[in-house]
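Heads up, the chain below is alone and in the form predicted alone; it's given as C-alpha cells.
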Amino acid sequence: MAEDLVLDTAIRDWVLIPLSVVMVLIGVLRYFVSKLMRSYQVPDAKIVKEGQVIVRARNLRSGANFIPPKAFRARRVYFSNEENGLLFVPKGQAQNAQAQMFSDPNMAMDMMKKNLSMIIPQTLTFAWVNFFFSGFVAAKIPFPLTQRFRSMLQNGIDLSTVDVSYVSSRSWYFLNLFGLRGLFSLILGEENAMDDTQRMMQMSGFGFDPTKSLSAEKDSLDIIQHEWALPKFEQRAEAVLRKLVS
C-alpha cells in the first residue's frame, strides 16, 4: 500500500522554488544568447514564393464552398494542372533538403549554434540537479494517478511504496524543461517562445522541403469535394429565424 509522506517546508524553499526559478532564468538567458548568435540570412525568393503558393492553395480549400463551382474548378486547374500548375513539381526538379543544407555552410552553422544553445545548458543543468537535488521528493500532485506515471514522476526514487502522486526533484526538472512554454510565451511573446520539444523536432530534420508540401497540398486540392453553400443560405436563415421565433 502506498504511504503518505509529510513534505518538509525546507524542501519547498531550498529545492522546489530554486529549481523552478533557475529553469525559468536559464530559458530566458538561452533565448537571448541564441538571439545574439543568430545570423541574418536573406530568404530565398523561390522558397518564399512556394510558401505563398501553399498558403493560397490552403485558403482556396478552406473557402471552396463559398465560390461558384465554375470558379472553383478554374482555380483548381490553375494550381494543380500537371503542365504548368503552381503546385505541380516535376520529378527532376525535386530538391533534397539534406543536400541543400550541406551545400550551404551558413545554414549548417546556424543549426549547430541552435543545437549547442540547447544541449550545453541542458547538460549543465541536469548535472547540477543530479548532483545537488538527487533523491528529494519535491512536490505532490493534488489528484490520484495510475501506476503508469510512476516512472515519469518519480525518476531517481526507487521506492514502490511511495504514492504515484509524489514528484521527485529530477522529474520536476523534466516537467519544467518541457512544460514552460506557456510562461515563456508571457515573458518573451508568443512568437519568441519555443519549448525544447519543438527544438528536438527541428533537430531531427535537416531543413524544410517545399516540394513535399507542394505535392501534399496538390493531392489535398485534387480530392476535395466542392459543394456551393450559397443556394442553401436562404434555407439556413429561415431555419434560424424559426428557431428564434418559436
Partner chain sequence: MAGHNESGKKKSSEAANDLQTFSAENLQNNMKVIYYSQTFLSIVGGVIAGILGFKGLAGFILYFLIMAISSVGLIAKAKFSVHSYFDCWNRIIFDGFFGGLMSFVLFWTFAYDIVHIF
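Residue numbers count along the first chain shown, from 1. C-alpha atoms forming the largest set that superposes within 1.5 Å between two forms make up the rigid core. This is a predicted model, so every value here is computed, not measured.
One more form of this protein exists, namely the form predicted together with its partner chain; it is left out here, but the text below deals with it.
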With the partner omitted here, the residue among 180, 33, 221, 26 that in the model of the complex has a heavy atom within 4.5 Å of its partner chain is 180
Its partner chain contact at residue 143 in the model of the complex, heavy atom, 4.5 Å: yes
I'd like to know if residue 213 sits close to its partner chain in the model of the complex, meaning any non-hydrogen atom pair within 4.5 angstroms. no
Quick one: is residue 138 in contact with its partner chain in the model of the complex, heavy atoms, 4.5 Å cut-off? yes
Using 4.5 Å between non-hydrogen atoms, is residue 172 touching its partner chain in the model of the complex? yes
Could you list the residues in 15-32 that come within 4.5 Å of its partner chain in the model of the complex, counting only heavy atoms and keeping sequence order? 16, 17, 20
Does residue 180 move appreciably between this form and the one not shown, meaning a CA displacement of 2 Å or more on the superposed rigid core? no
Once the core is aligned, does residue 55 move its Cα by at least 2 Å between this form and the one not shown? yes
Core-superposed comparison between this form and the one not shown, residue 32 Cα displacement 2 Å or beyond: no
